[in-house]
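Quick heads-up: the structure tokens below are two forms of one chain, split into structure 1 and structure 2.
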Structure 1
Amino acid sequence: MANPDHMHLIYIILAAAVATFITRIGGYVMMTQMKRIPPRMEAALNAVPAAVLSTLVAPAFVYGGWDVAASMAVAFVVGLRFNSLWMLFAGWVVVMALRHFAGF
């Protein structure tokens, strides 16, 4: 049996799981009922990847420290020219070098 002091955490996790499930199923049901996707909905769906990426990257860039911000900036510049593997590698090299040599 779970500790009664932590039952509220279990309820929060279960509520989040149910909300996520309903959201995913609701989106699927809504999309299958449509014959054609309206242009405004298509534009909104096209904006989702950029919104999710900025939601993940922005806090790390702002609160991660100078080493993380520098590595993200380098990765961004490399990502403009090369594929994502090189972008990942460049960001990793910069953050590791700054942490090792500059003591970040």
Structure 2
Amino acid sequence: MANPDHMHLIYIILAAAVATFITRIGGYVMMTQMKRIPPRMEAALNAVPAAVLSTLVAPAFVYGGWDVAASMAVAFVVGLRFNSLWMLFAGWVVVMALRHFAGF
């Protein structure tokens, strides 16, 4: 708890909590002040989740090995029809099967 690295993480979590609360109260504040977000900024912010998340998905697919790639490919197909719990389950089954039976 006392080491500086760990306090660094606690501060990040607290900042994340503040950022999240701002999003949760932000609409109320805007409604009472009647302000609008500049449209370009809204378009940019709207793109942030897909952009950041893609950088976490694509490299794992390309550099994660054949077992991870196969598991992600199957999960992707499942995800087109079913919710993310099924995606997780399908991907997990594939990777476990490959690792324990196909020797990956």
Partner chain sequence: MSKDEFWQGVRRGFPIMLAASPFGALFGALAIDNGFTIFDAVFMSVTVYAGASQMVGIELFNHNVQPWLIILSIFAVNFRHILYSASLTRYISHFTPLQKALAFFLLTDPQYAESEKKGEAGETVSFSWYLGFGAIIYLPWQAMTLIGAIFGQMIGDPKAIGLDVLLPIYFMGLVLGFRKRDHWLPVVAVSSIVSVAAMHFVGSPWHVSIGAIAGVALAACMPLRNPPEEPVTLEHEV
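Throughout, rigid core stands for the largest set of C-alpha atoms superposing within 1.5 Å between the two forms. When a residue number appears, read it as a position in the sequence of structure 1, where counting begins at 1. Predicted, not measured: the structure shown is a model, and the values here were computed from it.
Here the chain taken from the form predicted together with its partner chain appears as structure 2, while structure 1 comes from elsewhere. Taking the rigid core as fixed, one finds a CA shift for Leu80 smaller than 2 Å between the two structures. Superposition on the rigid core between the two structures places the CA atom of Trp66 less than 2 Å from its counterpart. Structural comparison between the two structures after rigid-core fitting shows the C-alpha of Ile25 displaced 15.0 Å.
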